[in-house]
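Below sits a lone chain in structure tokens, taken as the form predicted on its own.
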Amino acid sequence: MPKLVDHEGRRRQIADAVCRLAEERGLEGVTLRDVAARADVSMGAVQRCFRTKDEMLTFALTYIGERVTTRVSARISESPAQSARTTVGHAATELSLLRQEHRAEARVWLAFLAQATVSRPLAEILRANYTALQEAFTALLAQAAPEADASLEARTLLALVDGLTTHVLIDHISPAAALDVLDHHLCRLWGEPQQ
């Protein structure tokens, strides 16, 4: 009797292997052979799930985005009676990938971001993700700071979060210093006194 395979589960297993390899070597170090070995599947299994390396990378990037979105949503739902300001702060903190347990994910994200500058499919996924994030932040900021230009502030916040992640990854600043910068920005946006 043929073995039944959870196709979607296998694709996620392969995406996890892509992410682990990308964290260690960057995307240039991700080969189908190494992905198969890391995922503990055959090359044929990888090729049945993904016709090309680009298709595999595109799926892995989408998978990472879903993981981050799930984590942000969980963080926000942990405190159900939040204000829009608190929600913005929690979401920005989670998106910044500053905590040690998110460092590998941040390295993988940065590898995909670099590759997206020369890969239209990856760039399209990142643009769609950033557009969705900007829209969510714009809606929250319109509630939290009605006097501000919510769209401009949402773009500013996304750029700040990305920049802080990068600076922490290269050890230019510590995660604590990055969180201080983020907190300083949000306090200024809310019109609250600086600490």
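One-based numbering along the sequence shown. Not measured: the values here are computed from a predicted model.
The protein also exists as the form predicted together with another copy of the chain; that form is not presented, and the subsequent description refers to it.
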{"property": "All of 7, 41 and 105 with a heavy atom within 4.5 Å of another copy of the chain in the predicted complex", "result": "no"}
{"property": "Residue 164: touches another copy of the chain in the predicted complex, heavy atom cutoff 4.5 angstroms", "result": "yes"}
{"property": "4.5 Å heavy atom contact, residue 127 to another copy of the chain in the predicted complex", "result": "yes"}
{"property": "Residue 96 within 4.5 Å of another copy of the chain in the predicted complex, heavy atoms", "result": "no"}
{"property": "Interface membership of residue 156, another copy of the chain in the predicted complex, 4.5 Å heavy atom rule", "result": "yes"}
{"property": "Option from 136 to 144, 58 to 66, 22 to 30, 41 to 49 whose residues, in the predicted complex, bring a heavy atom within 4.5 Å of another copy of the chain", "result": "22 to 30"}
{"property": "Contact set, 160 to 178 vs another copy of the chain in the predicted complex - heavy atom within 4.5 angstroms", "result": "160, 162, 163, 164, 166, 167, 169, 170, 171, 172, 173, 177"}
